[in-house]
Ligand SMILES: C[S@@+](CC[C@H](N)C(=O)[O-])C[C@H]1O[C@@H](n2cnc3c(N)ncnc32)[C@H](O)[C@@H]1O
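The chain that follows stands alone, in the form predicted on its own, written as structure tokens.
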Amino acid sequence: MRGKSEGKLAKQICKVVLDHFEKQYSKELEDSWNTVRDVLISPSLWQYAVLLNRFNYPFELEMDLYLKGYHQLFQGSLPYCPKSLKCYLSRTTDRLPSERHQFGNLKKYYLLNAASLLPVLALELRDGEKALDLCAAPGGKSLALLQCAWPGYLHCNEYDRLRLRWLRQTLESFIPQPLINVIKVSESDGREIGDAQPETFDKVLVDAPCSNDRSWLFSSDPQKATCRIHQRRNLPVLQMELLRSAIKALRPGGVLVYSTCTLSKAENQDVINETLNSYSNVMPVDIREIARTCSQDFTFAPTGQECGLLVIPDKGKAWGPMYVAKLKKSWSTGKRHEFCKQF
């Protein structure tokens, strides 16, 4: 079944989108683009990590993964990596079947792009903190946050109604009722939450709507793909508006993580640079240590930022695209310190 699915996808690569990416990314990524392109257009090379659910822990599955050659991601390599977060990955494209939902039974694992965990770890959620996942669907990052800590309050927001349903299903499938009780799920416009809940949250995750390079490459309608490419120019405006709202919602001293699943500099580095230039009380946080300690499992492209990382798909490490940037809201609105300058 999987082979048929991948073969079908391979036939649907949209030349309009691929040509657009070719022009943009051959400049932005230079020599790396050829390898990235080869992975993106070949679903047979894509890999899937296995995030174990600590609320219904699959001991037998964990042993089976070991025997199949899987290894644990992030084990002892990062300053913040809770032991309760366990994710396994393989060097091959082996993929476990997705679990079917059974009422009353929590699922034991969640399949995901391993790079999706980097924004979660960068956020460093602690027990008892108030957290906001501003664009939460389909719910993988919210689920991963709950593997790391037991927050005092977690607000999961999703503006799109269909995606909101997906988010609710994910939470109901993996999270026990006592923890569900500290989670609020809303269908608000993320651009308005900052005004509605100013300086409320200790941690905010903005996994922003973006070009989503993997899915865009397989657009079946060239006309819709062309329209989407034109609309792409407006995405940084939306992303900036979401970040402004997130900054308002963040308490002084709180941490914000911004992420996308696109390679686009306009939606990644440029959005963060604009934010830093616009707010004197928002500071970049150096996260280059993540790249240094995770290079065995991920391939990183230069971003020119101390606060921003870009995971690019590579052969044998087909994770990403995933851009991650970390910011902190200071108590003062004064002059930015020297350490915050980009290099």
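For every residue, the number given is its place in the sequence shown, counted from 1. In this text the structure is predicted, and so the values were computed from the model without any measurement.
The next section is about a form of this same protein that is not shown, the form predicted in complex with this ligand.
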Have a look at 198, 252, 152, 209 for me and say which one sits with a heavy atom within 4.5 Å of this ligand in the model of the complex.
209
Residue within 4.5 Å of this ligand in the model of the complex by heavy atom, from 271, 242, 156, 257, is 242
Contact test, all of 134, 137 and 189, partner this ligand in the model of the complex, heavy atom 4.5 Å
yes
Any non-hydrogen atom of residue 180 within 4.5 angstroms of this ligand in the model of the complex:
no
Might residue 160 be said to contact this ligand in the model of the complex, defining contact as any heavy atom within 4.5 Å?
yes
Using 4.5 Å between non-hydrogen atoms, is residue 238 touching this ligand in the model of the complex?
yes
Counting only non-hydrogen atoms and a 4.5 angstroms cut-off, does residue 141 reach this ligand in the model of the complex?
yes
Choose from 189-197, 171-179, 123-131, 225-233 the stretch whose residues reach within 4.5 Å of this ligand in the model of the complex, heavy atoms counted.
189-197
At a 4.5 angstroms cut-off on non-hydrogen atoms, which residues of 301-328 are near this ligand in the model of the complex? List them in order.
none
